[in-house]
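In the block that follows, a single chain appears as structure tokens, in the form predicted alone.
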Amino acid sequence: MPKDEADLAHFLSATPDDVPVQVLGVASNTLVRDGGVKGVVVRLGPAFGQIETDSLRVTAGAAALDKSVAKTAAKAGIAGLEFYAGVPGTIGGALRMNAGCYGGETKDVLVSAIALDRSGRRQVMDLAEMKYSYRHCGASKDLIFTQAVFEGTSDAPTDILARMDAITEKREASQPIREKTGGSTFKNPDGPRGAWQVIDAAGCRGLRVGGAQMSEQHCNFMINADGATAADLETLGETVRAKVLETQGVDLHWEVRRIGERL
């Protein structure tokens, strides 16, 4: 846990290139395989969780919770970041996967991001350099994001907070957020049907492998229903992918990030 950006830069510069470095936020969209993670795992601490506003801009550390960023922006009368109220992660993860929901995503509000490369060098990247597409960031995977600047529009805090409440209510009504889940398992495919629709059509709602299950409430969510191993969860996901491809002709792609070693 680096105490600040300078500490992280020093660590990276002193760490041999052959030592793997993996960053974890709150791991809301991550499956850690049963064999664990080789090398070093970096967890960004409180120094990376600061949130500040200035006019219509919000500066947030990579460890700041997405929901906290949305709330801070709303209280300052900055609209456009409401969708972060429905993203259960941190800004670092949001930058890495162009996180979004309910009609908004990170690329819509990002001005710039600060990152450290594998040698500890600091980079300031504008939106174009992030090479965003749907749930994808084309920037180097070796970069560790430390901070981001967002820009919204002006609106009354009460109106912004009301829209955030609506997002929260919709999410709670449609998703198994009280279960042990990693969020949406697969990205929405191209075409008119969402991931949950093709999964449902393939007969995979409620499908189980070991202790892992596709949620009955929202079948694009895997849940740890009964002591599931990471292997159970990954096998369940791959089983769903195969069934959807076979019956629906759709090749689903993982949204949950899988890291570490299989046993």
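All values reported here derive from a predicted model rather than from experimental measurement. Quick note: we count residues from 1 along the sequence shown, nothing fancier.
If you look for the form predicted in complex with a small molecule, you will not find it shown, but the lines that follow are about it.
For the chain shown here without its partner, which stretch in 186 to 194, 135 to 143, 67 to 75, 153 to 161 has non-hydrogen atoms within 4.5 angstroms of the small molecule in the model of the complex? Of the stretches listed, the one contacting the partner is 135 to 143.
I need to confirm a contact call. Of L44, M214, A60, V198, which residue comes within 4.5 Å of the small molecule in the model of the complex, counting heavy atoms only? The residue from L44, M214, A60, V198 that makes the contact is L44.
Taking 4.5 Å between heavy atoms as the contact cutoff, choose which of M125, A79, C101, L110 touches the small molecule in the model of the complex. After the contact test, the surviving option is C101.
Find out whether any non-hydrogen atom of T229 is located within 4.5 angstroms of the small molecule in the model of the complex, and reply yes or no. Because no heavy atom of T229 falls inside 4.5 Å of the small molecule in the model of the complex, the answer is no.
So in the model of the complex, does T53 come within 4.5 Å of the small molecule, heavy atom to heavy atom? Outside the cut-off, so no.
Does L24 make contact with the small molecule in the model of the complex, using a 4.5 Å heavy atom cut-off? Yes, L24 is a contact residue.
Since only the chain is shown here, I'm wondering whether N224 would be in contact with the small molecule in the model of the complex (any heavy atom pair within 4.5 Å). No, N224 is distant from the partner.
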